[in-house]
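Quick setup: one chain, the form predicted on its own, written in structure tokens, and binding and motion questions come after.
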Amino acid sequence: MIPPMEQGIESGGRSARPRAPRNRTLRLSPDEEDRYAAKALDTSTMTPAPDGRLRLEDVSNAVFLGDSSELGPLLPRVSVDVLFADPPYDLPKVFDGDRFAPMGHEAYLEYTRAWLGAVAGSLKPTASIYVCSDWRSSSAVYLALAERFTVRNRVTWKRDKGRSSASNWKNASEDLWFATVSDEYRFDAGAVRVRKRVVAPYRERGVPKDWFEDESGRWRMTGASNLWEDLTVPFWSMPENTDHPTQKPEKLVARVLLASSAPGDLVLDPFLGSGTTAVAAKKLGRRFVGIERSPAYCALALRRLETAEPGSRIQGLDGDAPSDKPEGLTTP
């Protein structure tokens, strides 16, 4: 069982603090929140397929209000191409007034097993799985994934945000575990090649070998590694930012989807939050299904989806990153 949140701690949704003039954080009024939350789907009005599960046409490009432990087993079997999950880490954190309390390794391992088991039947044999974690929860995520799937890699990405400590190293990174259901899966390395600064500019007969030069320096196009240093968590001046406490950047999800999915594929996020996975999927021409237990976060997701269009901008994905960065995702 996925444990319930403790309720009534403090608000994790709208903030009453005054906004700075250039603050672009998306916030909804109470009326807007109610209106958008009412658009989230539930299963009570849907006609199930003969096997008792939801029909594929009912889950494509859908946001469900509910818990993944209950809705996951209702998803159409072998329908999902990519699972992207950002569950609560094993940390004290408030989500829209509900507090997630730390469990410890063994309990968090059981928690991860439970939600993975709830959605496992929806995955295609060729599906890829990505699960976010921090250093505390990383070992439990790995163990739970390895019991069911083939773990391929652990990506570490630089958050570029976090409080310093006088008695410990500043925590400025998070992990993203990559696994697959089988040995047959999609990975488009060419779609996520990166531009890397050349340290040793070798030449053959005076001609650059596998590198080029422009006004900003010498560069080489190379395969993306499992260390991503060109990301940041969304902040107040970014239009994708919301008040969700653990929001991931659209660029992070976009990189995953470019590598592990094709246009038209179905992407599942069982912890949708403010909707980043769904927004990135829509912009890249993928279908999505998201599950979120908070009406306020469903409202944010649906509001963001309203303005997201296929082909619209994902910050940092279109070559506008500063040229002195060591890596930058190429334009798809």
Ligand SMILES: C[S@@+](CC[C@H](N)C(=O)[O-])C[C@H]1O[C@@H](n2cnc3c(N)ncnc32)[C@H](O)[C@@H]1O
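Please read these numbers as outputs of a predicted model, since none were measured by experiment. One rule holds for the numbers: they count along the sequence shown, beginning at 1.
Beyond what is shown, the protein has a form predicted in complex with the named molecule; the following relates to that form.
- Figure note: of the listed segments 119-127, 179-187, 196-204, 67-75, the one touching the named molecule in the predicted complex, with heavy atoms no more than 4.5 Å away, is 67-75.
- This chain is displayed alone, yet in the predicted complex one of Val59, Ile291, Val267, Ala280 has a heavy atom within 4.5 Å of the named molecule; that residue is Ile291.
- Phe95 is the sole member of Phe149, Trp157, Tyr108, Phe95 with a non-hydrogen atom within 4.5 Å of the named molecule in the predicted complex.
- For Phe271, a non-hydrogen atom is located within 4.5 Å of the named molecule in the predicted complex, even though that partner is not displayed.
- Among residues of the shown chain, Asp81 is not one whose heavy atoms approach the named molecule to within 4.5 Å in the predicted complex.
- Proximity of Asp90 to the named molecule in the predicted complex: non-hydrogen atoms within 4.5 Å are absent; the residue sits far from the partner.
- Looking at Lys248, you'd find a heavy atom of it within 4.5 angstroms of the named molecule in the predicted complex.
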